[in-house]
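In the form predicted alone, a lone chain appears below as structure tokens.
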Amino acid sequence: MTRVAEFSVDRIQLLDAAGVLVGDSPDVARDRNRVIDMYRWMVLTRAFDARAIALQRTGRLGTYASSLGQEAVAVGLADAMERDDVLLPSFREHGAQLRRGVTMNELLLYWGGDERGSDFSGARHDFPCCIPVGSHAPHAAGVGLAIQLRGEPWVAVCVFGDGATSKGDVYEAMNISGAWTLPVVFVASNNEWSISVPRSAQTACETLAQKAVASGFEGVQVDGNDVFAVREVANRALEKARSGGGPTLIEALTYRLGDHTTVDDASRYRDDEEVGRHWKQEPVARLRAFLTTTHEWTREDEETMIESCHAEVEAAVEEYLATESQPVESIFDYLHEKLPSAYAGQRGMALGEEGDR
């Protein structure tokens, strides 16, 4: 017998659940201002998330996917990216979108059913939220190919949940990215639950990271509640892709502390004890503890930041609620550059035009 292949998967953690550094201290952890900046983006993301849920509960926003507990994945990843890299998010990457220049008003418009929310004033290269599970992974491979053909020093970054790694779209995108050595970084945000299906029931793989092996490139695990580790691992993968080294699959271990979306009731399939255990590992409190013990973060500092973040969120909410709704015909206007005659008739009916009835 001859062994023809073998592999291993590394797991990276720099900041433990108590907010204590383990192993070597990354440069960013020694820079108080940088740490505060990342912490603020995480706090702002959580404040936005809570307000968005409240808006949905009062009928002023559509179905919304909470990012509660996953802020470090989004912010750490976005902090490592260059401005002209391309983010292809799923539907729980609010923190990454905000960090990269998408406004809160734009996100609220999108989740309120207004496509103007996908016309980002900043982050013009980035893709809008992708609701179908994993269907944006082939798009990421396409973006990576375009970058490669143009000889540009940029990277396509595709983020999806653990459930997406069981989809053919993701396998195919990873396979072609490996075969063509495309500048793509795939990030599987493993929050343990694909709606009501636990990670253990959807795949026999010991890790999701090892799914990269069949595509011929590296897979790595990272503590997704450790913003330092996420940033470090993402930075390595981005630089590798940028220099022609090909793709990486990052499995970020985190937990979905809230419901899958605002139309889900997670208490039907998981118990409070499980959720309570994961609250003890959540990323915002972890980074706050580090700031307090290492960079003399005070109660006054915390209160000032929270007040500032809430004020910023409320200003965005006011702008969103004051935005005039689009006319009914806009439903058709976003479909095609030139509307087919069949739809043109329907558009006329929506406008109440007699000749189109």
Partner chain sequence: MNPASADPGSTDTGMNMVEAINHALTSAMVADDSIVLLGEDIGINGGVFRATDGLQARFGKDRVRDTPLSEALIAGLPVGLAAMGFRPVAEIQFMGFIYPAIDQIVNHASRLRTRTRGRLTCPMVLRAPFGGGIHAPEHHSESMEAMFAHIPGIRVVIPSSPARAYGLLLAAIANPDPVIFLEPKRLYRARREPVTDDGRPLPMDHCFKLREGSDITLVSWGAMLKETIEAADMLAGEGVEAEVIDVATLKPLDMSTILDSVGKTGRCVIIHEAPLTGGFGAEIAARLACEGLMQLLAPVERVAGWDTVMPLPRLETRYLPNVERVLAAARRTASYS
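Only a predicted model underlies this, so the values are computations on that prediction, with no experimental measurement involved. Positions refer to the first chain, counted from 1.
There is another form of this protein, the form predicted in complex with its partner chain, and it is not shown here; the text below is about that form.
Listed residues Thr298, Thr304, Thr293, Thr63 were compared with its partner chain in the predicted complex; Thr63 is the one with a heavy atom within 4.5 Å. Ser166 is the sole member of Thr181, Gln210, Asn235, Ser166 with a non-hydrogen atom within 4.5 Å of its partner chain in the predicted complex. Using a 4.5 angstroms limit between non-hydrogen atoms, Glu115 touches its partner chain in the predicted complex. Among residues of the shown chain, Gly276 is not one whose heavy atoms approach its partner chain to within 4.5 Å in the predicted complex. Contact between Asn191 and its partner chain in the predicted complex is not found at the 4.5 Å heavy atom cutoff. Contact check for Tyr110: a non-hydrogen atom falls within 4.5 Å of its partner chain in the predicted complex. Contact annotation: its partner chain lies within 4.5 Å of heavy atoms from the stretch 268-276 in the predicted complex, the single such stretch among 268-276, 140-148, 237-245, 216-224.
Taking its partner chain as it sits in the predicted complex, the stretch 314-340 comes within 4.5 angstroms of it through a non-hydrogen atom at Tyr320, Thr323, Glu324, Ser325, Gln326, Pro327, Val328, Ser330, Ile331, Phe332, Leu335.
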